[in-house]
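Okay, so here's just one chain, in structure tokens, the form predicted on its own.
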Amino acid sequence: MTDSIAKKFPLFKKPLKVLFVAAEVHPYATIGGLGMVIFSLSRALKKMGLDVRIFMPKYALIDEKKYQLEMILEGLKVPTGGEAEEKKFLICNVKRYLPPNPDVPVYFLENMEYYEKRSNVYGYSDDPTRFTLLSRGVLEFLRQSNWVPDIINCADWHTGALPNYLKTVYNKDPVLSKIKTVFSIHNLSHQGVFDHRFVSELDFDDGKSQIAPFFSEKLLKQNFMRRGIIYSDIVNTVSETYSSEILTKEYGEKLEDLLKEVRTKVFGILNGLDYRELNPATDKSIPFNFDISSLQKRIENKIHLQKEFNLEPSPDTPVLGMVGRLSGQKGIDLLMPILETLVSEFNIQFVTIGAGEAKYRSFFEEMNKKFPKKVGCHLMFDLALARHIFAGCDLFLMPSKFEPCGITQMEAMRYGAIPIVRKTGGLADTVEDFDPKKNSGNGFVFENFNSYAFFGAIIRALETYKHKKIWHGLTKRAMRADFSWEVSAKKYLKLYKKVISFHFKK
């Protein structure tokens, strides 16, 4: 442990040990922002002197030869809670990958039926069984391991069973009972494979009963987001504003009353960016590199982006961009009534990429057919193309209905695109509204969730764009904003200190 961290944790003579448990982790299995967060945060904490490791399922898509996995525990018996003799245990293996420094060791739970025979990470009717197996498999492994963490940092409903097991089934275990848990909520709207907004009284899970056996129908209806909140020692969300919003009916997803009850253990820490990977000066995935002192080179990326989407090349035409899932959460419903007016009445262009709901795909396809030289779309996700939009568009649209943190607005700012966002969640914490009188701010913010408010913010941005000197300063302020993981990792250290201090007081 470094001297500075030892001072922060005087109770420890050895490095603080933290285990992240998650359903996905970049680069091994990456579906959304969760995987990137676990990857970047764990590395930032390790660089600060912590002994950090990761535990995740070994899915079929993980190349065992590429990552040179080694078997460290074969024939791990994971209790299922079932009574039938042949179903009392599931047999798993645990394999480990030791990447080159400064990366983080990763443990993989191997099971043929629930991970290796599945082509996807999510989307199965028995996902609760698959992820409850992960939660209990981790704990059974730690009972036999010579490395035991001080803290387990769980992520979303997939690992909500883990703190539940720790505080009930394993509460008297001489090894496991000493472990503290942090439960990180990345998106409260996902609580399992059932619709948590419409649950009958018979199916309602108050979180107080025992975890159902793996093969029970009851397991499919248990709410592991609720259970993670109840049984963990500390709950954190991925932005400070979102940690307050989820205490309200509008954002609480039927858990607001519970969260109010435990609000003293609820905290918010903004996600960060990997500034080494996301660097417009060195990023090999963008056509032309640039930095804050060579913004004129950014124009070349804009021209390339226009050509890439078959738009009319024009350095002076404002390009509006969107990157992300095509879902109601992302506020696309606010864009649909106004996009045609924007492209037909104003000298602008629009580009978007992302996969999602059919109604949004159809809308963008129709707009592309109607305005082929002004609207471009690529209706599937492409990481490299996303970077092209960040590096080439002038305005980045993110009118989310709710946004626990949001990463793309921070990525866009890193590459010099000015965000237009709704004041919610992490968007409120990362984007400061432009004030023409003070010439301050790094984006454009609107508050009410309606198309008129969104339209007004876009017009304000387009009028500001006409004043090149002011726009140049706005771009520099956006690029200077510090969303590095080092800043967020320090806040996680403080959060872990709270957990450990609480442990020693008990």
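Residue positions are given as counts along the sequence shown, with the first one as 1. Since the model is a prediction, treat every value here as computed from it, not as a measurement.
Keep in mind that the form predicted in complex with ligand GLC is missing from the display, and what follows is about it.
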*Heavy atom within 4.5 Å of ligand GLC in the predicted complex: which of 48, 34, 445, 461?*
34
*Of the options 151, 78, 229, 407, which one has a non-hydrogen atom that comes within 4.5 Å of ligand GLC in the predicted complex?*
407
*Consider residue 368 of the chain shown here, and say whether it contacts ligand GLC in the predicted complex, taking contact as heavy atoms within 4.5 Å.*
no
*Quick one: does residue 187 come within 4.5 Å of ligand GLC in the predicted complex, counting heavy atoms only?*
yes
_Taking any heavy atom pair closer than or equal to 4.5 Å as contact, tell me whether residue 263 reaches ligand GLC in the predicted complex._
no
*Would residue 159 show up as a contact with ligand GLC in the predicted complex if we use heavy atoms at 4.5 Å?*
no
*Tell me the stretch among 345-353, 325-333, 275-283, 309-317 that has any heavy atom within 4.5 angstroms of ligand GLC in the predicted complex.*
325-333
*asked:* Suppose contact means any heavy atom within 4.5 Å; which members of 260-274 contact ligand GLC in the predicted complex?
replied: 271
